[in-house]
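So this first bit is one chain, no partners, the form predicted alone, shown in structure tokens.
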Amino acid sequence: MEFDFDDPALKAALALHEGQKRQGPGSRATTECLLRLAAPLPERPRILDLGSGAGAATLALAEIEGAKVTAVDVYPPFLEQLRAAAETAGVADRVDVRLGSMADLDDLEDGCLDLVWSEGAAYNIGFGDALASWRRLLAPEGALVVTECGWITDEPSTEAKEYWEAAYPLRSTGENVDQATAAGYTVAATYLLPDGDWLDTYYAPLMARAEQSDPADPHAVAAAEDLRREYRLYREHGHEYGYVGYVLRPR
């Protein structure tokens, strides 16, 4: 997926996320839970965090003893924020940042990584394409940890279906498991992110930022209203969909 960062609508949407710790649903507790599910890792794990954003997960991964983490994102301000946060956290020597697409990894050798990580970002290139393209990077005992939004009910409401069909068509957890299996993985674990990962750590700071939007800027107003619509949808229909973490190992 190509992004035009000069597009005023996209700039306004990204402005809501700049300076935020997270650019998608998640939490430190969820990252640590998924890490436990992905264990064991070798003594000096080689880790790639794809679609890292400002690095909420990157910083947790960098705390693993002996770890070396490369964080990849297409948006320079997020990477600058990550660099500063890594310095503050005292893990800057363990983190490399890379400006680029999670779909453009041809320079990386097959089997060069012990852990490939992507929270709330695989949708940018599609879950299936992400699974297919990232598998070759894993060492034989490596793991891919990826979170993907999907249906958690067999009968979603019309409002939720219409929203997600326009934004990003969702599949069920079972369908995603089948897709992972077909792509050559063993599904070691799945984990449904709790409501707090949406409402507390993601939406709460974003909604506060939206209230500060410039009312004279139509793009900022539209971005804030889109966010409010998304928030309202989750408040009313969040029991119908959610992010699931998938812990996958190459067969």
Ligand code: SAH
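In this text, all values refer to a predicted model and were calculated from it rather than measured experimentally. Numbering starts at 1 and runs along the sequence shown.
Keep in mind that the form predicted together with S-adenosyl-L-homocysteine is missing from the display, and what follows is about it.
Contact check for Gly120: a heavy atom falls within 4.5 Å of S-adenosyl-L-homocysteine in the model of the complex. S-adenosyl-L-homocysteine in the model of the complex is not approached by Leu59, whose heavy atoms all lie more than 4.5 angstroms from it.
Though the partner is left out of this view, Gly53 does reach within 4.5 Å of S-adenosyl-L-homocysteine in the model of the complex, counting heavy atoms only. S-adenosyl-L-homocysteine is not drawn, but in the model of the complex it has a heavy atom within 4.5 Å of Gly24. Contact with S-adenosyl-L-homocysteine, judged by heavy atoms within 4.5 Å in the model of the complex, is confined among 177 to 185, 154 to 162, 106 to 114, 120 to 128 to 120 to 128.
Only one of the listed residues (Met102, Leu170, Val97, Val91) places a non-hydrogen atom within 4.5 angstroms of S-adenosyl-L-homocysteine in the model of the complex, and that residue is Met102. A heavy atom within 4.5 Å of S-adenosyl-L-homocysteine in the model of the complex is found for exactly one of Ala132, Val74, Ala139, Ala85: Val74. In the model of the complex, S-adenosyl-L-homocysteine lies beyond 4.5 angstroms of every heavy atom of every residue of 134 to 154.
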